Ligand SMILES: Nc1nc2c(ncn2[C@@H]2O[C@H](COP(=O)(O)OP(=O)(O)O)[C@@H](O)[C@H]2O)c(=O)[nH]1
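One chain follows as structure tokens, the form predicted on its own.
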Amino acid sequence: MGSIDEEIAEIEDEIRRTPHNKATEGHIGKLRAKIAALKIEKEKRGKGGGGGLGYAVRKSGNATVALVGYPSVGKSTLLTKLTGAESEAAAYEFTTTTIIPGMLSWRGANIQILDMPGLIPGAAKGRGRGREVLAVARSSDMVLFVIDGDHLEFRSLARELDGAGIRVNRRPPNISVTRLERGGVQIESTVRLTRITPELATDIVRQFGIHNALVIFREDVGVDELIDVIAGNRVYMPGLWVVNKCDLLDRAGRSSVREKLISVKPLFASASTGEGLEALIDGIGETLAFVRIYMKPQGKAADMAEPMILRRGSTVRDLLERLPRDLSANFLAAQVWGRSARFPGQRIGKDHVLHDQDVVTVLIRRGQVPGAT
């Protein structure tokens, strides 16, 4: 294990010492690919070795949000104000030594909020139990970055998550990699590539020990995106930024913070005074993009009191996973009323994408089921 860490450190040092320009970008890209391949090898070896202690968190609710920030930015107090859960808080660093869950209700959805120990530089490499904390963040549905006026260096927080394979507010690259039995590495594209050459793409694929593959680029992306696709262990999730303790900032201070954080457009809130908490709660709920689905039993009125909560982009197949098994096992079709329907009562299949406040009837195979034929 140590030899891999040493090799990674040597390559990282070479990247730091190499001038970054057009002539060296190919060399640097191959070095980054080598690091990614070594990290995958390290993970494979580590799975058989116990792995040490970690944080066990049981997910509940309709979605899970991880509070991520430096020590002493007020995550614990914020959790208490948002959910009522008691998380130990004090005016010194590293107060939170475990994961504290709380539950937030928003428009019929239950959102689990996790207060986690503060991250420090090097967390992605294991400092301050960073790997365990980031592993919890990886399993969440959204990241809420908590910062304050004294901790505005948000880019290093994002880099720690990026180093752990967490891609915030990004989508998976539109690249397909299909391994072949023979034929070498074939690079094709449906768009003009300006950020990577076929030769460099071939070299990067081979860095992962893949010598026969068909790689198709369907968008103009670069080295990092190709590495992400080949590595295959990246997670993509939405994120939101909140400046806590905003009561300590005057108008000029808030204006200065907005200018410094213009790329992430943060919300402002104060866990101490309650200012901005309602907007923050709405921001969390809207970022998670819930879809409320109302079930209508055959021949009966729809249950408009308790919707099924799904996420944007969910299909009838996803809905069936939340219903009793016999409905899925005997599924024939479904009917939908609402924005996703071309006409009221449209008959649909499992791949139909549902929209917010759709009304759905599930038709099942039970002989002559009314409306099933």
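On a predicted model such as this, the values are computed, not experimentally measured, just so you know. In case it trips you up, residue 1 is the first one in the sequence shown, and so on.
One more form of this protein exists, namely the form predicted in complex with the ligand; it is left out here, but the text below deals with it.
The stretch among 263-271, 208-216, 278-286, 168-176 whose residues place heavy atoms within 4.5 Å of the ligand in the model of the complex is 263-271. Only one of 184, 108, 122, 71 lies close to the ligand in the model of the complex, with a heavy atom inside 4.5 Å, and it is 71. Proximity to the ligand in the model of the complex, defined as a heavy atom within 4.5 Å, singles out one entry of 234, 292, 296, 245, which is 245. For the chain shown alone, residue 83 is not a contact residue for the ligand in the model of the complex, no non-hydrogen atom being within 4.5 angstroms. With a 4.5 Å cutoff on heavy atoms, residue 76 counts as touching the ligand in the model of the complex.
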